[in-house]
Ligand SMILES: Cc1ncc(COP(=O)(O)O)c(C=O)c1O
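Okay, so here's just one chain, in structure tokens, the form predicted on its own.
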């Protein structure tokens, strides 16, 4: 059982309260947020536009939609932005109202919770350690005409693994053939510059919905900003009609207009990740007592091999918080997710691991 009650990472308040310390004393590796912090250009824009808070946002958010459309070189009518990607998931599920859906496990908890709200029957396709936790062609025969919805997360959360593009296209084709709505969560794909994802395939696949997040890559989880893309303008228009007015606050909308143009920040982020992810992975793999799976995202998935060791608790006593994966279907208390942070913070994490594994 996980030590903390939160269904997600990043709840440093709960962890600090358990320790009886100030949250600022914790080093948080449980949330996969870019350690470069909010882009400087955005901080400046926010400070210069605080008067936006004195009036209602334009409910059509024309500037935000123009920025997103230009970024993807797609019509704005194909886009729906929301108060974080999670809000968009719930809005989409409410509109689709699937009767039977498939989830790949382990996976992000909010897919299941959103489906449960519409009384959907949920089938679970379990990834296995024997197959390296990777999605394989074995999912194809599991996709049957009885399904009307499939959720995928690419790269997967929490494993960080990215399926082969050829397999993804086979899944797209099979879902099109069987009239299954395919919802692909690409929340962390910005950290994989060599992968274009499924957005280039939207035009010929109106059954395909692609989710994107701006909060992780640009370090703005407190602002909340995400969006989806689909090539059926009428379906997207129906989603907009279901969405509450002013769901995006004025500063979050401004953020979307600013950050997508910040090429220097994007390049700096990729330089950091290309250096720190393999370095952290190598250092953790050198330790006895943990098995590390090297994914492709800004986090690492690992298994604690020391019998009886409550790794999250032990690291928390070192004032380091990692994400327990015990509440992911298909996993147990041995599995954890660790964010990749700055070089100094990653070194501190390794030191904490060395301390608790030496006991």
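What you are looking at is a predicted structure, and each value in this text was computed from that prediction instead of being measured. Numbering follows the first chain given and starts at 1.
Form predicted in complex with the ligand: not shown, discussed below.
Ok, 197, 98, 163, 84: which has a heavy atom sitting within 4.5 Å of the ligand in the model of the complex?
-> Exactly one residue meets the criterion: 84.
In the model of the complex, the one of 78, 125, 108, 133 near the ligand [non-hydrogen atom within 4.5 angstroms] = For this set of options, the contacting one is 108.
Pick from 271-279, 221-229, 125-133, 67-75: which stretch has a heavy atom within 4.5 Å of the ligand in the model of the complex?
-> Checking each option against the 4.5 Å cut-off leaves 221-229.
Answer for residue 247 alone: is it within 4.5 Å of the ligand in the model of the complex, judged on heavy atom distances?
-> Result no; residue 247 lies far from the ligand in the model of the complex.
Distance check, residue 213 to the ligand in the model of the complex, heavy atom within 4.5 Å = Taking the distances in the model of the complex, the answer for residue 213 is yes, it comes within 4.5 Å of the ligand.
So in the model of the complex, does residue 192 come within 4.5 Å of the ligand, heavy atom to heavy atom?
-> Outside the cut-off, so no.
Can you check whether residue 159 is within 4.5 Å of the ligand in the model of the complex, heavy atom basis?
-> No, residue 159 stays farther than 4.5 Å from the ligand in the model of the complex.
Sequence-ordered residues of 254-269 touching the ligand in the model of the complex, heavy atom within 4.5 Å = Contacts from 254-269: none.
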